[in-house]
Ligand code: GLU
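Below you will find one chain, with nothing else, as structure tokens; this is the form predicted alone, and questions on how it binds or moves follow later.
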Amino acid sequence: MTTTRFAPSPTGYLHIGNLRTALFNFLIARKAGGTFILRIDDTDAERSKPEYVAAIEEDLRWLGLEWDRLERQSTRLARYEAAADELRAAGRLYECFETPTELDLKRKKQLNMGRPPVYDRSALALSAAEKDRLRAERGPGHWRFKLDHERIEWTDGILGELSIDAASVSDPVLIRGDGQFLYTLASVCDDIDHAITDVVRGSDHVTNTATQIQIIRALGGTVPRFAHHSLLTGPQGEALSKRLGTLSLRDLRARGVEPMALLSLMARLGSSDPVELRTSIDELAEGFDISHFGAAPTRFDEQDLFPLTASYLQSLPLSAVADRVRAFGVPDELAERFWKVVRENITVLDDMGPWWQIFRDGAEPLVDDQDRDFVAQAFELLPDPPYDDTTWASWIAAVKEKTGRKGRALFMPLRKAVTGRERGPDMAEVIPLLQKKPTL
């Protein structure tokens, strides 16, 4: 069975970059009828917060990305310790004592000599007595996985055939000096135990994938199919990483972006397929193919979300938005007409509020000086409400007969005076919604 996972750390809110990873893994599982696991990577007890766990779940539910299982790394520490013992016994995990400053000096020295800044494995030469002395002076050391210096090769679902020389990579730290298990070991154990078959993540993880493949094999696991998607940039190609904090999913939701607009864009952005609005997750999954995505940096412009949101809202019946319409104070007997009138004239649902305010209380008239007398005369010809489907036609006919105006010179000043806007819905549909007679 196809099994995928999304593994956020609960140290902040989900942003648009996280969504890309979550969505790709979700759609692969959904299309194959498999299992999608939400895994909370909370081994960092100091930085992980319950409120962020709750926010992650809330964001995914808002998007409709429901998970089949929930796992938490904080409940699996004994498993990671057992894996570490297994690697120690096999001679693949060794203790190191260098401080961050010492490691930085080593890297600078190697770079000055024109060599790659790879850990020199000097800790392997320490005697038992030297290790005891260092523990007494510095406390427990950190533990590195000893890579086999060979080429690590795999077929990536997006990047194609990849090959990395393990000798060009530092032995990864799996356990910190304070005993915290790092992502590399914990993730490998989880992927083995949860029978993960497919892993999609950002291209900045390619080197991590190479080292994890060796750790998986050292622990007797089956290597999943890996795919590394491109990283997002801003609309001008600028680095997006500094702005991800302002592109949290909760912020986009607060700005009125609809889930299917967001998912429709992210399910195609960076692929050879055109972005097309979809109205269901099943539709998205059916047309999703990870091999259609490219390696080039992918430009993301949040403004693209709003035309998609507007198009999505235009497709909705009243029943889908009835609660929101009611929340603005629209009476039930006017709700159907109100939604029909405004849905093609809004970008997000909150735009309904100003329209209802116009219909309920009247607009601030927008009247050119040369039209003021004409509008005043026209308003005198308009009877008091309630209005119906014939009111606009009969009113226009009366104004035309009285003033002699016709065409745009007749219609446009009245639209601007009644709605306070130069553009909007058909006036024949607007007039029956007016609760008060417009005045200057």
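Just so we're clear, the structure is a prediction, and the values are computed from it rather than from any experiment. The numbering used is simple: start at 1 and walk along the sequence shown.
As for the form predicted in complex with the ligand, it is not shown, yet the points below apply to it.
Item checked: Partner-proximal stretch of 318-326, 183-191, 270-278, 94-102 relative to the ligand in the predicted complex, 4.5 angstroms, heavy atom -> After filtering at 4.5 Å, what remains is 183-191.
Check: With the partner left out here, if you bring back the ligand in the predicted complex, are D41, R201 and H205 all within 4.5 Å of it by some heavy atom?
Finding: Yes, because D41, R201 and H205 each have a heavy atom that approaches the ligand to within 4.5 Å in the predicted complex.
Notebook entry, point to check: So in the predicted complex, does A7 come within 4.5 Å of the ligand, heavy atom to heavy atom?
Noted result: Judged by the heavy-atom cut-off of 4.5 Å, A7 is in contact with the ligand in the predicted complex.
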